[in-house]
Structures are given as C-alpha cells and as structure tokens.
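Structure 1 and structure 2 below are the same protein chain in two forms, each given by itself as structure tokens.
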Structure 1
C-alpha cells in the first residue's frame, strides 16, 4: 500500500473504542473513515473528546466518518482498510472472522476470543486471506517492558526461573450492564484483566512455551451486583489466581481481582475504596527486574547492585500505549510485516486461559499440548 495514502480505519464500539478513536485522530497517516456504534450518545461524547484533545479541525474531520449501527455493514462497504473491534468480548471471534472474510485487516480488543479453538480459526483465516490480524495489548508498547524482554532474550538476566504479575482492584468491577460479570457472555476477571497480566509477564520473559497450568477462579463478591440493574447474573470470576509452567522450567504466578476486601499496600487509613495496584517481576539467576518500580537487581560478587532498568535511548523515543499499537497495526497493513501482537501469540494466550479455566473447574493441573 502506498505510503502517501492514509490508512482508512473503522472503529467499532465506542466504549473502549473511544480511546482508539482518540489515538487515531492524533496519528499522522491515519484517517477515521467510519464508526459503528448503535448508541448515538457515545458518538457525541467522542466528538466532544476529540475537540477537547485535538481541536475543532480534528473533530470536524472525525464528523465526516461514515456511520453505522452494526459492524457488518461497515465491513461490507469497502470504505475502510482496517477495523478496530472494541465489541463485547463474546462477539470478538465472529466479528474478526466476518471482517477478515470481507478482506478487512483486523485489530481486535482483548481477549482476542473467548476460547482457543475460536482463535485457531481466526488465525487460519487471516493467514488464508493474507491479511493483518493483531490483538490489542497496548501495554506491551512500553520502553521498560521492551527493554526487559530484550535483556531476557539476550540472556542478560541469566536463567529466568520465575515471574509474578498482579492487577489488584479493590472495588473496580466493570459490570458493563451485566456481560462484564457473566461467565456465559465473556465476562470475568481472567478474560478481562488476567489476559493483560499474563501477557505482560509472558512478553517480558521472552514468550517461552507454556506446558502446564494450575488455577483457582473465584466468584467472591456477587453481592456487589445489588442496585446495578444488570441484564444478566453476576456469576463470573472476580478473583483469579493461576500458575503457568513453561518448557524452560520457569513458572509464572498471576493474580487478578475486580473486587477485594483488602486495602492497597502501605495505605494507612484502611479505607477499601476503588483503588488498584500492580506487580510485574521477572526473576533470573543473574538479575531480576521489577517493571512497576523500575528496578533491576543484578547479582554481583560484592553484593546485589540495584539500579533502574537500562532502557536504550532508541526505546525511550518509541511511540507508546494505544498510539504505538495503532502505528504498529497501520505499519503492518502498509508493509505486510508481522505486527508486534501476533495471531500465533494470541493462540498461545488463549490456550493458557482455556487451561487455567479448566484447571479451576476440575481442581487439577492441566497440560497444554
């Protein structure tokens, strides 16, 4: 595709899709060509946000985008090169397949699908159609995480034997009208936050091959649904603890919660409130990295040396988060190169998520073939 022509992007779903649209409105070489969202109040909100952040000219341009009630009409119209799917989770698999069949490149929100078998079908279709497929994990676009992964892959951390990853929310349940907390509709903390934390640690470790998992998925706080007027029951996991073992022998512990009767560490007042905290550590025989605290501890004959994560100057200049992810997606469309978040990795992640769920259901560890 010619570099001079802007990539025409279609945004689908204006919950999380708003953040993608904001990034697209500020990215050179990208045009918001179409938007699909049945709720018109969300569209109005988006135009206001673009005007505030990027100015009246950008908002006027965004208002020229074609509008649809449904993503299928957009995919069929031929007015976009790529679509960003920010639909409810249980629509991801079918929508990704539909768009790829229409010849449209896909950037799909996380989790890429609900089950690994669905992701295998999406991956095969993208390959058969020779189209770019990417799943959203904008948190990978972080210089500290890139630097950690590069150090791990170069052997600078020694043998990596363990990683820990947490996203702890005390009162941060994304009800989403009900589907966010319903286990039959793609809800629950494993699929929502678990994939983020699992992928963060797996990415930083250099993506070793998973072989076995053990997990507990708990639905601990369904009473929080009271007064929420949910269209479906709160019965999905809101606290999940899992362990993955890789073919290298390394292990990864992941803990994610929507709600918890706990206070943020080092919080004195004992108020639960809507707080959250993160952990992300990769431990090797030569050095360990704490990404959240920007700390590298290196083994040294004279004692441990503690310093910041060494981030090369080139990485410090990288485009980060959602903007970085969108630039990577549109570059992949232009050049045909693999995006950073590949369909193959999406499949490995979904295999880990499937196995974690099965382990909790059966009370046994589950092998990944």
Structure 2
C-alpha cells in the first residue's frame, strides 16, 4: 500500500555514501534517519555540506539522525525503512542479506555482489521477504539514455545489432590502500568501471538477455603502485576488453581501463596525465545513437541524416544521477512498484561479469545459462 509518511533512510558509510546523504537531504518525503560512520570528521563535513547546499534547516534535521557503529545495529533497531549500503565491495552480499532479513529495504552500491551466485541468493531473499532491493546505477538516470532506451524498445532504431561502450583512463588507478587493485577483495577495473559501461550500453539496448561472452582481463600496470604503500598486492585487472552476445543476436563491445599507454583523442603530443574519455553507442538497422556526443544517425531518402537525440520534454525535466536514483528507490518503497534497477537485472549483470572474468581465465568464450 502507498504511504504518506516520510521514508526513513539509513546511510552506511560516508565515503560514497556522502553523495547519497546529500541527495536525501534535498529530496521531499525523505529523511536521513540514521548514519553508520566511525569517522566523526566525515559527519561534520556532511553537515557543513548539507548546510551549504540545502540550508541550515536541512542540516539541523540531518544532525538528528541516529548514529550507529555498524550496519547490523541499524538494521535491527527498526529506525529506518530503507538502507543505503556504501561499503567495500566484498561486504555487499552479506550486508544486503542481513538487512533484508531484518525487514529493511536495500539500495546497495555497485557492484551489487562479487559474483552471480551471491546475487541470486540476495534476489531470492528480497522476493521471499517482499522487499525492495535496488542496486546503484545512478548513471542510468540520464535523459539521453532514457530516450535511447525508449527508442530501442519502441523499434524506432530498427533491429538493434551492436553497441559499443568505453571508459578509458590513462593514469587513473584507484588504489584505495590496495583493495581497489586486489582481485581477492573485489578490486579491478571490470567491477569498478566495467560494471558502469556494460550496464550503460545494456540498459540503452533495452536489457536483452545475455547468452555468451568473450573477454580479456589484463593486469598491465602494477609498477604504478610504487610508493603507494599498499596493504595488499596489485594483482587485479587494470584493462578489460570484452564482448557480449544476446539472445536477440545483438553484440556489445566494452572496454575499460584504469591506466593505459594511449593518448586521449584530440590531445596534443606531450606527457600523458590523468585523462579519461567515454564512448556509448547503440546501433540499429534504421538508426544509430551516439549518447556521449548527442548524435542520432537515421535513414533518409537522400542518405543518412544526422541530428540530436530526440529527448521528450518530460524526460528533460526528470531527476538525474543519484537524486533520481534515490527518488526511484523511495518511490518503490512507498508504492510497492519495481525500481528501475531490479534484482533480476543485477543478477543478469553479475552473470555477465562472472562470465567475462571466466572467459579471460580460460581463454574461451563462456555461455550464460
């Protein structure tokens, strides 16, 4: 049943969770009811930022949030309706399961889990408990991506047969003390950046069912860790190239890097710094879309016509990024509707990521059952 009371949100971790808290502080019908963060300086910084962006009244309200030492105590206490889990990757599955068992709705940072089998268990538990589970993919909440997806699903692009997605960094390794580049802790570019680029293209294509993948995961730049004083080895992938084939026959090529000896397009010769660039294209038999460059190439009697992506006025006004994601999550709690980023999609996404990793390890393409 729909509810009129504010949705009480608990935030676990004010690293990435800080952005979620800022969004919650400015969203009508939502209150920050609890926070779990051991670093008091992060709490003070959050309150100051809320005051600057949303005003003193919002900051004072945020200061009323209950404080906890860990997420388990928060979940057990009954003070929140939903929790945002902004924890290290290898804690996502266990934390999601624990919160769901306590009857709390979950919005979990990406990747939703480390492997597909963990996500399958989370999905089943959310369904059994009749609770909302949503995984973080705020980049979906973009008018151009929504418009591309709607055009694809409506058949306006014709038969979707290929997509390409890239996130290229030249010198942008997130060491994070070591766990960001350690494969045993869930580090590496596939789970860090690859999940974004894979999901962006998959979402824009209309989320067809994946059936087979082929990939190469490369750990090519561990020498960049010199002087970083890492607590664990740099042994995860810093460059991943993969291809996914779907049950529609369409293919998707994804490339992501933390560090690469390549020059950003249109960059003058010189020393490579920490630069990055993106590509996101969806190609159909009637039209193709370049999301990053806001271009649509479509059939025309006189030849191909090039123009901007047609974004309806309603989509231009939509809440975007983390604010849009949080609004969607809390609306799902309030109404019982499915969120945009569903547990089923999280499972398909983890199946693709698992298969990409396995393909690299075996040197063969991998079927997804």
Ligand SMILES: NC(=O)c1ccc[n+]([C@@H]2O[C@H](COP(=O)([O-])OP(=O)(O)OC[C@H]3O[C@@H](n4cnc5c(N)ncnc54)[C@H](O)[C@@H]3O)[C@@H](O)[C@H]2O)c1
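Throughout, rigid core stands for the largest set of C-alpha atoms superposing within 1.5 Å between the two forms. Residue numbers count along the first chain shown, from 1. Values in this document were obtained by computation on a predicted structure and should not be read as measured data.
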*Which of these two chains, shown alone, is the form predicted on its own?*
2
*Comparing between structure 1 and structure 2 on the rigid core, is the C-alpha shift at residue 41 2 Å or larger?*
yes
